[in-house]
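Below you'll find only one chain, the form predicted alone, shown as structure tokens.
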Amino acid sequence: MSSNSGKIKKIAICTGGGDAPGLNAVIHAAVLSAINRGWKVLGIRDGYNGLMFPENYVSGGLIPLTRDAVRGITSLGGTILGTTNKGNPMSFPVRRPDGTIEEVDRTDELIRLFCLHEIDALISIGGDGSLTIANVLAKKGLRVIGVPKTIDNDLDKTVITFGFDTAVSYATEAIDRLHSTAESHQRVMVVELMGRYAGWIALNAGMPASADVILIPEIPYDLAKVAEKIKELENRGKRYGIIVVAEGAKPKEGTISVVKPKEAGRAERLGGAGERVTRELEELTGREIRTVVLGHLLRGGSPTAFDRLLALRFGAAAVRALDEGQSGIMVALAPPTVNYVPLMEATNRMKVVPLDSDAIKTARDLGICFGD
């Protein structure tokens, strides 16, 4: 964590990675807090693309963010600035003359562009990837404040990230709805939720929605154990079952389900975890099993009141941090307050579900099977 002196006149805001409910609320709070300090605010379109490739935008890659521009956006899902998970400036894909792709570091170029536009500081709203980039920019001299965003809740050093509560609330309601149709048809239903490498959504939605089985990345599963659970339900007279599967869940001695492997400038794309469980479990049990994939539905829609409030607190705190001379930090929730943590610490490791957590213990006490 470092401190920068110097009067701020103009700041920029960018949103990167996957979208999440509450992004617009952060923008709203940050813009009003900055304007109330006499600062000008610019929004960068689509991560850093608006700064690096302004020619791709009819009205330019930078958006003046005024009071009018952010009026009424707190309740809106998505982000008015746009976002992207391609073209990481730390490892930007460039095609060579021979047709091969190489990754180059363009962060020095980014720093020059911030200077060219006389931008004194940046508020970067994103997950581990976006905040890792923000940390590099801070080390190279740009004044940067990070705001943690991910529906997966896997960012370290903050109790919770905005977007998570909305995703869990929607997933819980969806699973609730599946109980009635599963019982009516005496079927087993497999519900695949987002959660690439951490099972926070699956665990926090599966428990309150009375799932029978929850499969998360932190606990490699044995489908024979899941089949035993389905048989146990049958023996108790329950002819249906609900299985919640995080997209990053994997079998013991197996690997995660990948739709598209990692390529230059882009992470691997997961998918098919629920279908795999369904296919293999049908063979083990002889039961009719159906799959529901909620996928990007968890990212969309209006944020809950909790996520709106948290996002507003984060946006205002980011501006306060700049006003106090901070840089290279992330605002984080440490109930009952929002505090500052070094970006390096926040992006050093992923926050996964602890196997000895109260939530895991509670689920086991309730008889929920984790496939282990």
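When you see a residue number, it is the position in the sequence shown, counting from 1. Given the structure is predicted, the values throughout are model-derived calculations rather than measurements.
The protein also exists as the form predicted in complex with a small molecule; that form is not presented, and the subsequent description refers to it.
The stretch that touches the small molecule in the model of the complex, counting heavy atoms within 4.5 Å, is 291-299, out of 89-97, 115-123, 291-299, 202-210. For the options V191, V144, I151, I133, the residue carrying a heavy atom within 4.5 angstroms of the small molecule in the model of the complex is I151. For the residues T285, S75, Q186, N85, the 4.5 Å heavy atom test against the small molecule in the model of the complex is passed only by N85. Contact annotation for R276: none of its heavy atoms lies within 4.5 Å of the small molecule in the model of the complex.
Contact annotation: K157 falls outside 4.5 Å of the small molecule in the model of the complex, judged by heavy atom distances.
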